[in-house]
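Heads up, the chain below is alone and in the form predicted alone; it's given as structure tokens.
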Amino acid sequence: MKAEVLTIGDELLRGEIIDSNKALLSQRLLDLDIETRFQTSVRDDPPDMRDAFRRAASRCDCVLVSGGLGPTRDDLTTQVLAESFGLELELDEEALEGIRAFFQQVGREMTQNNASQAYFPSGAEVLPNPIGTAPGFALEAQGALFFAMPGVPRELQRMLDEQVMPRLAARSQRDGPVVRARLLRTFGVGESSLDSQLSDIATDADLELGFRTSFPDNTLRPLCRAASAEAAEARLATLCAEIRQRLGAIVYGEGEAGMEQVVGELLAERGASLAVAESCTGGGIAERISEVPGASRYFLGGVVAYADSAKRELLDVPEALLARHGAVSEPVVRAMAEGVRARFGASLGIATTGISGPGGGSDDKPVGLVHIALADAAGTHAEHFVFPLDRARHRRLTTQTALDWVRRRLLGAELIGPSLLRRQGGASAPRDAR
């Protein structure tokens, strides 16, 4: 089956909201070995919508439509979809009662325009929406199967799981190739470098390798087609193993788990603990670590030491180091990492200090300069980088690099920085004393 995902709404085209529904719908279609051939977004404009509906029907077997099922004047999906294929709108009494019941349940008065949500194109099958006022519907038109769903993500996902996926599973043809894909997360190398390193991988017709940047990560999407699910899974596993062997520790995870979750799992598995000392990142590392459920098993705490006085009093950074080298320096970041590790009694201490900008730089210490240090029982490792980025992305990249260092240290891998944005800096070998 060939599929199209069609999302509707002026707010999508204006960039007011991120269209997460496209990604969700395409991912779920792939679970049924249905590849999305087209993704389209259109305004709440009848001519544009009619053109999109008719184009989709002419080139795809199924079309998943999101948005435009509400009660307001700009919710036009049902009406325009019916007009596109010469169908009348018909009232579904059961759907109308369901809408009334929803309003009674939440203690609100139903307005007259909500009744418009109980009208559907003739021949449509109504899809219940137990957590909203907008039922969806399934409709066959010009050889294509349309599923119209609400644009609200949680309502769409519920309807997708309970109504759409079972119908598609029953209908989809299983005599075509089975498709399997994974998502590998990488950090530290740009997508062009990744492509170059993997240039001789996934070159067969039944294999694909996609690249996507989602700052500060780059993701790889290996995909395999085969005659059976078992064959596709086996060949995909071989492909992923080959990619991991080629890239090594650059691949840090698989699926939707971010760096903080991967680091947390490693800390828990090894019975290790972490404490953080942050200046330029302002608590960003601690926030990311503590976002993961169960972080109390391995995260002991942190110190946001922005002022020099905080570095002295909370982390035992010697005044002489601050006076001689300044707060943004290797000796100070080393002392911060060692100080926070000692204060919390942690297995590992990580520290950051830098100039995130947009001001505050100098010839010797430019905007974007950051020092990172990691201290553990083996000693302390520090490096400095210049990340020429805006303030928000500078802080994000710094937290990602710090977390990656923790991951690498736990894996026994070399501590390196992101090569894509590294302008200067050199490794300093771990040592026990400054």
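Numbers follow the displayed sequence, beginning with 1. Here, rigid core means the biggest group of C-alpha atoms that superpose within 1.5 Å across both forms. Note that the structure is predicted; figures quoted are calculated from it, not measured.
The form predicted in complex with another copy of the chain exists for this protein as well; it is not shown, and the discussion that follows is about that form.
Not one of Leu145, Phe187 and Pro418 is positioned with any heavy atom within 4.5 Å of another copy of the chain in the predicted bound form. Another copy of the chain in the predicted bound form comes within 4.5 Å of no heavy atom belonging to Leu348.
Contact annotation for Val42: at least one heavy atom lies within 4.5 Å of another copy of the chain in the predicted bound form. At a distance threshold of 4.5 angstroms between non-hydrogen atoms, Asp61 is out of contact with another copy of the chain in the predicted bound form.
Contact check for Arg395: a heavy atom falls within 4.5 Å of another copy of the chain in the predicted bound form. Note on the partner interface in the predicted bound form: the residue among Arg154, Arg108, Arg73, Arg270 having a heavy atom within 4.5 angstroms of another copy of the chain is Arg154.
When another copy of the chain is considered in the predicted bound form, only one residue from Arg343, Arg158, Arg246, Arg171 comes within 4.5 Å through any heavy atom, namely Arg343. The stretch in contact with another copy of the chain in the predicted bound form, judged by heavy atoms within 4.5 Å, is 145 to 153, chosen from 255 to 263, 193 to 201, 145 to 153, 235 to 243. Of the residues in 22 to 51, those that come within 4.5 Å of another copy of the chain in the predicted bound form through at least one heavy atom are, in sequence order, Lys22, Ala23, Ser26, Gln27, Leu30, Glu35, Thr36, Arg37, Phe38, Gln39, Thr40, Ser41, Val42, Arg43, Asp48. If you fit the rigid core between the shown form and the other one, you'll see the Cα of Gly253 move by less than 2 angstroms.
Fitting the two forms on the rigid core leaves the C-alpha of Gly368 displaced by under 2 angstroms between the shown form and the other one. Core-superposed comparison between the shown form and the other one: CA of Leu69 displaced by 2 Å or more. Note: Leu32-Leu183 Cα separation is 3 Å or more shorter in the predicted bound form than here. Note: the CA-CA distance for Leu13 and Leu183 expands in the predicted bound form relative to this form, by 3 angstroms or more.
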